[in-house]
Ligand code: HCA
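Next up: a single chain in structure tokens, the form predicted alone.
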Amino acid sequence: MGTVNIKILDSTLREGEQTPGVYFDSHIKLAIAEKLNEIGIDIIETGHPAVSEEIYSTVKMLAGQGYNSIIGAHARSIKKDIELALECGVGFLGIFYCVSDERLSSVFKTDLSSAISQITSSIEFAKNKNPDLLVRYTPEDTVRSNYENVITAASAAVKAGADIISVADTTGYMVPGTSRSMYDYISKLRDDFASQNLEPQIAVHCHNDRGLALANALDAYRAGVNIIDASVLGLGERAGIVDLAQLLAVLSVDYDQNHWHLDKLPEIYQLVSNYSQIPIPVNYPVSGKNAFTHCAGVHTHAASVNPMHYESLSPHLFGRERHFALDHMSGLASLRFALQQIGMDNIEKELEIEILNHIKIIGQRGRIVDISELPHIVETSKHYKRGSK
């Protein structure tokens, strides 16, 4: 089914800081938010103001920047948390409270009725303070909670004024095509809201514990959700959440959702990687160093003729360039492409073979030949070739 103009909520500054060891200084958060706004992200979740004065100040600063993106904050279903968020001037507020029977009894020492009362009073308080505020209610660990508890609490939240209900796969529990299908879950939830004449926006927050966050998010998209949460590099608790670049790539190329500036993705990935001190995995789709690099001789020859032989995504869409690696797997096509790049493409075939052999020897040591060293390899190969005569 899918959703027209799906919205993206980026949580790099909130969920991302729940990655062990990751913390962004205020000026870096500003830089990240600016890039997200340039990309065209709909909602930027900037933090939980009640956690610290620094987060409070930063959320307030970001809310005052006048971005096209809506600036959002996170809050427990507690009046103090909500007041602090509203003081920051945010346009979006995410309120959360768990409704699983086990956690209600063992952690919160309460029952479902009391929990719903706290949830609805929190939403009403926020809406009374700012009627234009977008309010999201999230039943923590939604998909593993008793479904009747979820629909009862979520329906009460909508009636109290919540604009968005978020389905949180907090532990990466869902698996497409099984009894734990996100598509089925979202479909049922939408039907149950409709039967009560309720039409909240539905969001989905998928964790990646099984490596299925993106698959589950796309399942949710097909079932008609309005908002999908993601983060740069998929940062977040444990194995993180949906990776922003991968999500935007699929939505743009495969589902015709073409309203983001994808060519700005490399800048924000480098920025977040630098200041989170988490390297971009070289084999990461879209953002990884090797994502658009061809290696094996058969691949490089075909790709040099027509890149679509071995690409289903164009690197230029994402502000990237196509590369051919020079190592032990290289063939003459890779070498000729590289020689052309450095303006040395008028070399006789016998010397090309000598250069290629030199490159293969280096590659067998586990190293890729950098384009900057290629002219020196050419000169060295000329020397070896003369010496062999």
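From 1 onward, residues are counted along the sequence shown. Treat the numbers as computed from the prediction; the structure is a model and nothing was measured.
Another form exists, predicted in complex with the ligand; not displayed. Remarks below refer to it.
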Tell me the stretch among 173-181, 258-266, 146-154, 202-210 that has any heavy atom within 4.5 angstroms of the ligand in the predicted bound form. 202-210
Does the 4.5 Å heavy atom contact test between T19 and the ligand in the predicted bound form come out positive? no
Distance check, S166 to the ligand in the predicted bound form, heavy atom within 4.5 Å: yes
Answer for S231 alone: is it within 4.5 Å of the ligand in the predicted bound form, judged on heavy atom distances? no
Should D192 be counted as a contact of the ligand in the predicted bound form, where contact means heavy atoms within 4.5 Å? no
Among the candidates F318, F96, Y185, Y221, the residue which, in the predicted bound form, approaches the ligand to within 4.5 Å (heavy atoms): F96
Only one of S276, T138, S287, S77 has a non-hydrogen atom within 4.5 angstroms of the ligand in the predicted bound form; which is it? T138
Across 7-41, which residues bring a heavy atom to within 4.5 Å of the ligand in the predicted bound form? R14, E15, Q18
